[in-house]
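Encoded as C-alpha cells, the following chain is the form predicted alone, with no partner shown.
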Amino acid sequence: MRSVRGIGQARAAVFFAVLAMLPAFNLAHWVLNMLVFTLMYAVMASAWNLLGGFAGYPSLGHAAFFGVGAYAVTLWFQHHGIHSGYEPFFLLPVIGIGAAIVGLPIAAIAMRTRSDVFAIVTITLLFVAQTLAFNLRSITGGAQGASIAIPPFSAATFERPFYDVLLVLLAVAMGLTWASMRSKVGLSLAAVRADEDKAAGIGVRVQAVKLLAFCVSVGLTAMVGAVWAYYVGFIYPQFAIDPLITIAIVLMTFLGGRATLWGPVIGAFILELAQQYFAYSLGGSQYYLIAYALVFLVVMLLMPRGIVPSIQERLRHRRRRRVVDAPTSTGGAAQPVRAEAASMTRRPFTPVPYAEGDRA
C-alpha cells in the first residue's frame, strides 16, 4: 500500500513539475494561450467532479458561479486600481469564499431534489443568472459588457502569471480531491452516491456533506471565472455565463472518468487541447466543432466508462490473467490457483467508491 501511494505521489510531483517548467521553453504565445485555457477547464472539471462525480449530483449550473467570479473581480477593480498586476490574484480566495457563501442557500434548496431534477434546477439557475446579467445594466453593463484594467505585464511573458496561478488552483483542486478520497468525507460522498437514504440510515451526515461538496465546487469555479475575466479583459453575459462552459466540464469529467482523481484532468487536457488546436487550424469555418466532437466520440466508444476506469479495469484483468498463467513449483497446486483466478475473471464487476490505482 505504501509503495502504491509513493508511486501516486511521485506521479503527481512529475506531472506538476513538467507543467511548471513548460513556460521556460519559450513557447509561442498561442501555445501558452492553449495551456491557460486547458488549465482553466482542468480546474473546473476537478471542481465539478467533487459534486457531480463523488456525490452523484450532476450540476448543470456551474457556469453561473463562473460568471459570479468573473463579474466580482471586474466590478471590484472598476473602482480600485491595479498597480503591480497581481492584486486580482490576491482577491481570489475572497471570491471563492464569497461564491461558496452565496451558493450555500441555493444548495440547501436545490439539493432537496435528486438526479435529473437536480440537473434541471441547476440549469434553471444558470439561465436566471444570465438573465440578471443582461438586465442589471447599472451593475453588469448588460449586453454592452464590462471591462477590467489591462494587466501591466510584459508582452513577452503576458500569459505566465495566469498560467502559474491556474497551476496552483489545479494543485488545490486535486489536493482537495485527494484528501477527500482518504477521509470520512469521501466515504460519505460515496455512500450518498450509492444510496442516499441508506447512507442517512447508517448515520452519514448527508445534508452536511452534500453542502460541503457543493460549496467547495462552486468556490473553485468562481475563482477560475475571476482569472478568466482578468485574462480576457472584457466580459459579456453570453460568454461569462455560458451553458457551453458547463457542458464542456461535464463532458471532460465523463471522458476522463467520474469519481477519480486524474480523470477530469485527463479529460480536460484531451478535449480542450483538441478544441483549441482544431480552432486554430481550421479557423472560423466551424469545422473544428466536428473534429472536436469526433475526438470525444472515438474515446467514448473505445472506453465508455471513461479513460481512467477503463484503463484500471484492463490492468486488473491483466493481473488476473497473470495469476491464471503463473507457474507453480508443484503441478498439483496449480489447479486451485487457476480455478480461483478463473472465478475472479467470471465474477461480475461490482462498483467500489474508488479504485485502488486511483487512490494513489
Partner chain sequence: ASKGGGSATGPSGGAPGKALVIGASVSLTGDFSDSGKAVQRGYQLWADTMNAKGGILGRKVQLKIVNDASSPSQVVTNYQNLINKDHVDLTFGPFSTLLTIPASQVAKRYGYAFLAPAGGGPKVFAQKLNNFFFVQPAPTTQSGDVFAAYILSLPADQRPKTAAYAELDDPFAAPIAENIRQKFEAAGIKTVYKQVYPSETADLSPVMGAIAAKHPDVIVGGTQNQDAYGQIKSLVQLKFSPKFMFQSNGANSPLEYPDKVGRANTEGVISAADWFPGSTAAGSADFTAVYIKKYGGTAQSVDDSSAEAYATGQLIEAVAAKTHKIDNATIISSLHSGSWPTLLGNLSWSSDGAPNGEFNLVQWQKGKLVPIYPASVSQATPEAPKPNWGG
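Numbering follows the first chain given and starts at 1. Note that the coordinates shown come from a computational prediction; the quantities given were computed from them, not determined experimentally.
We do not show the form predicted in complex with its partner chain, though everything after this point is about it.
Peer 1: Only one of 217 to 225, 234 to 242, 91 to 99, 262 to 270 gets a heavy atom within 4.5 Å of its partner chain in the predicted complex; which is it?
Peer 2: Going by heavy atoms within 4.5 Å, the stretch is 234 to 242.
Peer 1: Applying a 4.5 Å heavy atom distance criterion, does H83 contact its partner chain in the predicted complex?
Peer 2: Although its partner chain is absent here, H83 would stay clear of it in the predicted complex, with no heavy atoms inside 4.5 Å.
Peer 1: So, in the predicted complex, is Q276 in contact with its partner chain at a 4.5 angstroms heavy atom limit?
Peer 2: So Q276 counts as contacting its partner chain.
Peer 1: Mark G145 yes when one of its heavy atoms lies within 4.5 Å of a heavy atom of its partner chain in the predicted complex, and no otherwise.
Peer 2: Yes, contact at 4.5 Å.
Peer 1: Is there a heavy atom of I139 no more than 4.5 Å from a heavy atom of its partner chain in the predicted complex?
Peer 2: Output for I139 is no: heavy atoms all beyond 4.5 Å of its partner chain.
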